[in-house]
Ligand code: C2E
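Presented as structure tokens, the chain that follows is alone, the form predicted on its own.
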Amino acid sequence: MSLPRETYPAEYTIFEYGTPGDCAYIIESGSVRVSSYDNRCLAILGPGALFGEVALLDQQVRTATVRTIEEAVLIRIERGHMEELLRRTDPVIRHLLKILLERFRANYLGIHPPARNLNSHSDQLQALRTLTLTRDLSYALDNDKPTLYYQPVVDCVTHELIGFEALIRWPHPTQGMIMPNEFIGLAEKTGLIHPLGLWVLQRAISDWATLRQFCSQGPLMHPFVSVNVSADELSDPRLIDSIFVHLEARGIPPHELKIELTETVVIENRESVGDMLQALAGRGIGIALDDFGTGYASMEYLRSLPISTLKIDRSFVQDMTQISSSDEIVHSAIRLGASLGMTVVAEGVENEATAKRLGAFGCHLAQGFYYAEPMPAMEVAAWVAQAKRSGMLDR
């Protein structure tokens, strides 16, 4: 079946300056003349060229008149398709596009149309916030302003402190604490994720040199600190060398560091992250699959990638004492991890009943607000002392 096309004879007016625009065109064959409001020739366009897009982008009137020079076959692009593409675009791009179109109309065409539809006031606020936070995050990294919080990871059976998960926080000087769900995505979009990721690894390794004294050395389990990484970070060729430079500088063995990545990262970036994970695991770094149960990872991923730890997503753990299906999912995940020789960590443990049930299921490790909220490294010693006095941790 052929694609929809429109054929126009020579000297045919496709549209005129100042008329409403409801579509754009791609030239498949033939050529057209683009003229200004005073009939000056602005361009001659041939096969592969796009025209008529300006009126779609800002939903204003046509900025030129277009007539065919010879018979032309055109592919029509509907307004609705363009609007959907714009809707899915980052607010910063929409905002910059709006500004450029307004300047184009004012400077090139001499008209000043009111802004409509392309950007809402909300878009503008989001764009300005994104641009401002990008500048501020870059400054913060240059001046060592982010911080790491640490959430304890506890043995479900012995109640010993085994390790910590490092979680980045950004105390902004005017906007308060900004959480990772806002600035990590921003860092990935702007390329700041690479210096940010290296900063997190360096700080976590440095802090671990002090924090490891609070952790127990089990017969089958080494104390560890875990750090979350993104697919973009794993694509950085500097990552491995950077990790081992800092480990060696602090005298920390590689098996005391775990790299965490989510199921979604593994599924969507299997080819790009696989080699890096193999290289890290080959040199002793632990690999943890975070948010297990939410990304539909197949058994093939668990079999073929060097994953040593499964972290069961908090959404299942939090509901396991109230919802039987969540309870069974958690139990099945624990059995699966054990059968594959993996350490299993339950996230989101919020009460004693959940902690006891995990222990009965044979879960190895747990973390959550029942034990402690994430805390700065300087508060860990006081928490450990209090947790031992209360019986939360084994003495």
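Just so it is clear, the structure is predicted and the values come from calculations on it, not from any experiment. Residue numbers run from 1 along the displayed sequence.
Beyond what is shown, the protein has a form predicted together with this ligand; the following relates to that form.
- The partner is absent here, but in the predicted bound form a heavy atom of Pro180, alone among Pro180, Pro254, Pro195, Pro306, sits within 4.5 Å of this ligand.
- Of the candidates Val92, Leu167, Cys156, Ile287, Leu167 is the one whose heavy atoms come within 4.5 Å of this ligand in the predicted bound form; the others do not.
- Remark: Pro374 counts among the residues lining this ligand in the predicted bound form, judged by a heavy atom distance of 4.5 Å or less.
- Shown alone here, Thr134 lies farther than 4.5 Å from this ligand in the predicted bound form, counting heavy atoms only.
- Using a 4.5 angstroms limit between non-hydrogen atoms, Glu347 touches this ligand in the predicted bound form.
- Among residues of the shown chain, Tyr37 is not one whose heavy atoms approach this ligand to within 4.5 Å in the predicted bound form.
- From the list 37-45, 349-357, 54-62, 24-32, the contact stretch for this ligand in the predicted bound form under a 4.5 Å heavy atom rule is 349-357.
- Contact with this ligand in the predicted bound form holds for none of Asp327, Gly362 and Asp394, as no heavy atom of theirs lies within 4.5 Å.
- For the stretch 259-292, the set of residues having any non-hydrogen atom within 4.5 angstroms of this ligand in the predicted bound form comprises Glu260, Asp290, Asp291, in sequence order.
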